[in-house]
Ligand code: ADQ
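Just the one chain here, the form predicted on its own, laid out as structure tokens.
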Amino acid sequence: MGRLIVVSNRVPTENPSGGLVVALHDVLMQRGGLWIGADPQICEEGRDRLHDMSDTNPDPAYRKLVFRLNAQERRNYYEGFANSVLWPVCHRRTDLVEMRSEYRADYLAVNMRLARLIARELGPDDQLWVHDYHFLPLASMLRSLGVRNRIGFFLHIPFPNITDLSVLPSPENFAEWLSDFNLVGLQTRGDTARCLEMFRADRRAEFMRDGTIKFDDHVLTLGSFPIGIDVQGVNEAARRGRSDRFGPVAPQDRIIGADRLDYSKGLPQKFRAFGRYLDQRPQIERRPTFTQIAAPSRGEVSAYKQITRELAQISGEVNGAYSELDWTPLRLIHRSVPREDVLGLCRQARVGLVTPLADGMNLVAKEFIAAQNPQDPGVLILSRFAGAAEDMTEAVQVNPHDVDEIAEAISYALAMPHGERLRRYEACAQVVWSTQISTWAERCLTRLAQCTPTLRSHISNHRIAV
């Protein structure tokens, strides 16, 4: 049996933390293999080889290799095509797409260079598991080099609408790229439906009786694999976490939001909705504090600079209108906070406010549930456009664009009786446990192993242009 080779944008440089990183680490610890990702440091030298970073791994069960980017590639491949084109296309924000020819060229060039580097490392029975939108053309490029190994792909963000794909210079390449993977895993049944719609609209695709898709002479297996978290680990971290540093607000009056600073997370709408709640709250003596942790992200991209300014303005307006000498209703923390402290605050909060405009899954929603005290749980308010909402139907679901609906949900959640809180929590917790991260990884890799290998006759005429 060959090795498992994981490809993701980054590899962990310290002790693994976070659900996905921990899951991939555990799988590789059990199976051995390689973990390949981008070097976090910009470097002009050594881009013609993979660099061993295994000395940062305390256990030698698997190796960590990184490929290097220079400043231009970082700007064009990562900040450019990946995060200024593909990210907004997949998150229904085509108005924010920044299209430049150099973005496309370097995105393809980096993927081709990585394909050549990976091909040198591959044994005949190795399996590749590629993660996310940074590497959409990677399988096509590996096939063009004669690679026949099983290659799986998992898209962690939403699958784009077919109309949004038309923004790309050559939209037909999206289906071509995916067809060269043996397995494409998506977060939700809704994502799977959108992907099927794309293939149905393509004359080159044929749907087989066994559920696979034949595209030209390639066979693709498509499936929904909802990603989860390390439930027990999150609960233990939440019980260890400190929430006292966030102030003396009574737990029943605390609302928590924890998101990466991104326009897809619906933060301005969330802030305005909280202000609307304060303006209309039925019990004027109730003084909830909403703490929003917004860790910085992609500050070089213009859309992220704009949302940073917008949030500062709205939070200032809300606090200016409603603060009292002993009460600040909205606390915006624009920096990273230790994960245990965030989870500790989730455990103490009466309400978790998770309202993205579009999200592949949103693991914060699952972490909020896992962090709760089962005897006295808080209430999850969840955007129905988060992937987690597809199965977590007992969360208080809202339209994240409707500030009045979110304001009403906040009022409802704060006043919710214990019996209803318990019933909703138990239903959501069942979903969280059934989709935990180890189960997700095992399901994906089992399905990949069942896929038909790519035949030599299939390795021809592979499209690698955008």
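Being a predicted model, the structure only gives us computed values, none of them experimental. In case it trips you up, residue 1 is the first one in the sequence shown, and so on.
What follows is about the form predicted together with this ligand, which we do not show.
Undergrad: Might residue 86 be said to contact this ligand in the predicted complex, defining contact as any heavy atom within 4.5 Å?
TA: Outside the cut-off, so no.
Undergrad: At 4.5 Å between heavy atoms, is residue 119 in contact with this ligand in the predicted complex?
TA: No, no contact at 4.5 Å.
Undergrad: Would residue 362 show up as a contact with this ligand in the predicted complex if we use heavy atoms at 4.5 Å?
TA: Yes, residue 362 sits close enough to this ligand in the predicted complex that at least one of its heavy atoms falls within 4.5 Å.
Undergrad: Do residue 337 and this ligand share at least one heavy atom pair within 4.5 Å in the predicted complex?
TA: The answer is yes: residue 337 has a heavy atom within 4.5 Å of this ligand.
Undergrad: Only one of 168, 96, 205, 294 comes within 4.5 Å of this ligand in the predicted complex by heavy atoms, so just point that one out.
TA: Checking each option against this ligand in the predicted complex, the one that comes within 4.5 Å is 294.
Undergrad: Exactly one of 183, 186, 141, 227 has a non-hydrogen atom within 4.5 Å of this ligand in the predicted complex; which residue is it?
TA: Selected residue: 227.
Undergrad: At 4.5 Å between heavy atoms, only one of the stretches 99-107, 274-282, 156-164, 308-316 reaches this ligand in the predicted complex; which one is it?
TA: Only one stretch qualifies here: 156-164.
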